[in-house]
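Quick setup: one chain, the form predicted on its own, written in structure tokens, and binding and motion questions come after.
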Amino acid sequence: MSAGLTRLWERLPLKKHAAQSRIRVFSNQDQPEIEDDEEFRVLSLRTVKQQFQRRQQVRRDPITPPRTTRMAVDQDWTAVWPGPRSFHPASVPLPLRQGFTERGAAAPSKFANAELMKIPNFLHLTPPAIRQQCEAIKRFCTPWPKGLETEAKWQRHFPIEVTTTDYCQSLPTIRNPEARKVTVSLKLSDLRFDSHSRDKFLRLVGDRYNKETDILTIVTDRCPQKKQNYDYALYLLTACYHESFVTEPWEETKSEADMEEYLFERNQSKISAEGILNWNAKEGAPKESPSKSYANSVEQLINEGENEYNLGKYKEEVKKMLNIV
């Protein structure tokens, strides 16, 4: 029966194509379903002109090779790295590596290396760059002053030494609170004193004076600026120096018991030593005075106290003064 229907269907000339898409042929036998492969027709109530838009193609420039591959061996480095800047791997022709890795693995290379970019570098301060900068500023320099050829001459003409410190740090502010500190030092022998002014000056400066090295050190950090602390240090030095020469009225009334240290020249020891040396001397004859070494031994014995060295030195000076062998 199915074979007869198929022949009848093939003989129909009209609407054959349209009917094939809607009718399915069944048979009594177990045969697979036959379907047409044509698309399902969509009912369009209004005609819309379909516009096909092409996707815009993104144009990408080709990646250029690193600059280091085109660098000459004798290239001027100051033209490549003229000033301070962050690390750039394509401009440095060195196989640099930095960073933490597991044991046995090589450190990360210079490309896309954050460790190299976040630390300061001194690639702009190479010896050729420094030499070139020195040649550029040489025409602004003056000849070295005559008479300052040695360090001893420097210290004689410029006895004051000023020490300051600058800090390079990675902070939101470039100012470091320790940078305001100023240290002024000089030798006390470079200043002119008499016995009274020297004693008074040492009392004014206190423990800022080192007796072993004969160096006076003044440190100032009270003011917020370095220049202010420098001016304040020079002011303290000048004020103490001029104040030491001022003699107050009450200082004239000081007796021997009020003296801060023993001085041989203004004590009874000098009169006693002169009396011993000039005993049985004829009238009108020049008087003998004790030697300088004897005076120093007496002052050292009384000011520093009795010890083996001071007692031995005083003993030898007494023998010399009395001509005792």
Partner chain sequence: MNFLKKLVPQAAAEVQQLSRSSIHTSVVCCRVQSGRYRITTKRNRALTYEMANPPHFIGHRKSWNSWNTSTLKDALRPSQTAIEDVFIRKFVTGTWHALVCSEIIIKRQHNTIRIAALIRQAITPRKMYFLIGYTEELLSYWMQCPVTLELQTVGDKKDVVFKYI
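Positions refer to the first chain, counted from 1. These numbers come from a predicted model, not from an experiment.
Although not depicted, the form predicted together with its partner chain is the subject of the following passage.
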The one residue among A152, C168, A79, L94 placing a heavy atom within 4.5 Å of its partner chain in the model of the complex is C168
Its partner chain in the model of the complex has a heavy atom of only one listed residue within 4.5 Å, and of D221, E115, D199, D231 that residue is E115
Given 208-216, 249-257, 118-126, 67-75, the stretch touching its partner chain in the model of the complex at heavy atoms within 4.5 Å is 118-126
Margin query: Given that its partner chain is not shown alongside this chain, does G104 nevertheless sit within 4.5 Å of it in the model of the complex, heavy atom to heavy atom?
Written below: no
Query raised in the report: At the 4.5 Å heavy atom threshold, is R85 in contact with its partner chain in the model of the complex?
Result: yes
message: Quick check on R175: any heavy atom within 4.5 Å of its partner chain in the model of the complex?
response: yes
### Message
With the partner left out here, check for me: in the model of the complex, does some heavy atom of K110 sit within 4.5 Å of its partner chain?
### Response
yes
